[in-house]
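Next comes just one chain, in structure tokens: the form predicted on its own.
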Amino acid sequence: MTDKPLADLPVVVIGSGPVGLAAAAHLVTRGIRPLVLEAGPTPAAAVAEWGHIGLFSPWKYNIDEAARGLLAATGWQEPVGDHLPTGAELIRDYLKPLAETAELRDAILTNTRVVAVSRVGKDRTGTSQRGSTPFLVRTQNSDGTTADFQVRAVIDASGTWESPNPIGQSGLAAPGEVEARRSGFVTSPLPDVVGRDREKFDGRKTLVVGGGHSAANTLLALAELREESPDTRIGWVLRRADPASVYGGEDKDGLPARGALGARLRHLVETGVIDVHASTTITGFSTGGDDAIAAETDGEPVTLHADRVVPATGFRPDLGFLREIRLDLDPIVEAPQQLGPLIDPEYHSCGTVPPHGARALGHPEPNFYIVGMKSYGRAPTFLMYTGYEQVRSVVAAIAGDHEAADRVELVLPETGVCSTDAGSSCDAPTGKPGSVDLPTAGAPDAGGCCGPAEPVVVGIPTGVEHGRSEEAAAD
């Protein structure tokens, strides 16, 4: 047990993506020492994996207020508010300068993976004085060595990038899928098709599996490659019978970049550039080194062939290292219990979520919070802007400022359309903070005009990018 008073210990932030660094900035602003643990070799390592992808939202929705305050003191030039950055630009012009501020640069440990979180001297069954006992955070460095840290609170902003959903049906990996991923036959979720990873796809046949906007991004990139290399062939595997729902609002979409993506994709399908395998499920991968992929189309067995398979099937949270922490999770989407009904994609296929903070994100474990994309569990509707509001509230709660923690300061912009057929608009309230009263399951969405409202895709393209529902996550 450490001899230091609990209040003198740092607060650990797991992950140094946009939300993790925002959490660290809010801690600094509150006079609390952050300790940021990043598994990758650099801050925002996961963002770097999709650095070639453009965000749907402009800069004005991508910068946290506390982070802006730290950066302003360095003479940082804020990017033009209406520009749509790529992931690489998000790092270069915001996250890297933020990580290099005097307040944060010595607080970030890279190549440091969190492998367990517990309480000093207690497993999850130990109750006595649990809330006044420091957390024990065990890490493993890239060289295999381990270290333990004692901290006063834990903010898990580790995201879901390293926990992709399987390609197979029923939420399970298809036979041979694990081996296919290890061999590289199944690639990363958002490969840089026309850049870093070009040689893997040039002149080859690629199957993209999934029905979200990450699938659309990869399909469009492959079509661009095909214009330069006509031997490149493109297949699209999705469970749904009609790809039209992936096209979104097109010219009626409230986010023009997202609408343009859908319109381009429709054109490529209708002109035969993309070969669509609708109503199809992957059932197995060959382990013999050939290109055969077992599948079912409308329940009938078929064999597909490809040189590469790109999984665009969504993500799920890694909860394994939290086994000794007392969590209260929604049994369906694996989000915090209060949040789960609001983001369940089976009922909120394009839903908006009221801004929320520490009370909705809390667990039976005092001073432990999951924030950011991971807080949404398996639901695909997370917004980076909402993540900034999460950590502002959570840090206020850790600091003991419960009035600030309960106050909602987020103002959401307008949404896009929520019906791709009718093209009707369903706007979330604008110019007003959202409500702190979380509606019960089955209650109307905050958008409140045409059923479940389209998500405001503000920030990282892991909102509607990676699937729409558990069933559609592998479409």
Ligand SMILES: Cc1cc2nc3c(=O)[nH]c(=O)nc-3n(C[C@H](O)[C@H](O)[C@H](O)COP(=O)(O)OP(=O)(O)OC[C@H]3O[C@@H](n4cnc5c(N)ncnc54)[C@H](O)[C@@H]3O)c2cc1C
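What you see is a predicted model; the values in this text were computed from it and never measured. Start at 1 and count along the sequence shown; that's the residue number.
Beyond what is shown, the protein has a form predicted together with the ligand; the following relates to that form.
For the three residues L27, I63 and F135, a heavy atom within 4.5 Å of the ligand turns up in the predicted complex in no case. At a distance threshold of 4.5 angstroms between non-hydrogen atoms, E162 is in contact with the ligand in the predicted complex. For the chain shown alone, T112 is a contact residue for the ligand in the predicted complex, at least one non-hydrogen atom being within 4.5 angstroms. Looking at G40, you'd find a heavy atom of it within 4.5 angstroms of the ligand in the predicted complex. A residue is said to contact a partner when one of its heavy atoms sits within 4.5 Å of a partner heavy atom; L70 fails this definition for the ligand in the predicted complex, lying far away. Checked against the ligand in the predicted complex, the residues V408, A45, L35, I32 give one hit for a heavy atom within 4.5 Å, which is A45.
Contact with the ligand in the predicted complex, judged by any heavy atom within 4.5 Å, is made by just one of A153, A221, M384, A360: M384. From the list 306 to 314, 327 to 335, 239 to 247, 372 to 380, the contact stretch for the ligand in the predicted complex under a 4.5 Å heavy atom rule is 372 to 380.
Contacts with the ligand in the predicted complex, taken as any heavy atom within 4.5 Å, map within 14 to 29 to I14, G15, S16, G17, P18, V19, G20.
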